[in-house]
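Just one chain is shown here, as structure tokens, and it is the form predicted on its own.
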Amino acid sequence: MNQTSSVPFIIGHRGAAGLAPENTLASIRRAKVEGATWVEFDVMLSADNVAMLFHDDKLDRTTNGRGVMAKRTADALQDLDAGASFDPAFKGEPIPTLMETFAVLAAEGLGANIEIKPARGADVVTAEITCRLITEAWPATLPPPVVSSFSRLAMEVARDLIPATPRAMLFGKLPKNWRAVVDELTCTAVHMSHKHITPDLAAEVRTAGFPIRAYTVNDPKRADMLDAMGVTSIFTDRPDLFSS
């Protein structure tokens, strides 16, 4: 089993989402400035099936647009402002494509957890396009990415299309049948909410041979507790709080 030992303890969540607009190139660059060596981000498809960094079904929270993200073309999405709602200093920051993001990761030397975040009903096609781009364009200078999703359909596609790429099933609370799910999908790690992690649960996952990574942790004291439990990595909006 690939234990993805290159994955560090600190992973910037949506770049550095507490310091810059989430899922933007500015956020990814800020994570690097704050000492992160890996980042996590979400991938959704535009109406014309371009893989782009975005989290919500709707545009309203993080951009000056309104309505459903997946109903806009990539060109229309890139005309939106994805920065000013976070802070006026980021006015004009666009929604990036996955290909643009790969270029920045290569330039900054950053590893990545790529979360497949499909719009409703688009699980398979989002996974197919994301996996194809990883196969064709992932920078050779970087360690292999970790691919994750809450969607079992997406993870089935990833299992079949990129079997050698490390993959993690995402859970909120770990279900009783977690091992069966992870084994069926041939995942290499478990990702879950830190709120539901206990010492016994962390030990169960680790004893089964899987790294356990926790989202979203912005409190250094909680991070220390999780580290002591054997949690392998944490996703944080504030990598600056953990830099040495």
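Numbers for residues come from their place in the sequence shown, where the first is 1. Quick caveat: nothing in here was measured; it's all calculated off a predicted structure.
There is another form of this protein, the form predicted together with SN-glycerol-3-phosphate, and it is not shown here; the text below is about that form.
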Out of 129 to 137, 114 to 122, 79 to 87, 92 to 100, where are the residues with a heavy atom within 4.5 Å of SN-glycerol-3-phosphate in the model of the complex?
114 to 122
Looking in the model of the complex, any heavy atom of residue 34 within 4.5 Å of SN-glycerol-3-phosphate?
no
Residue 169 near SN-glycerol-3-phosphate in the model of the complex, any heavy atom under 4.5 Å?
no
Indicate whether SN-glycerol-3-phosphate has at least one heavy atom within 4.5 Å of a heavy atom of residue 42 in the model of the complex.
yes
Flag residue 179 as yes or no: does it have a non-hydrogen atom within 4.5 angstroms of any non-hydrogen atom of SN-glycerol-3-phosphate in the model of the complex?
no
Residues within stretch 195 to 216 having a non-hydrogen atom within 4.5 Å of SN-glycerol-3-phosphate in the model of the complex
215
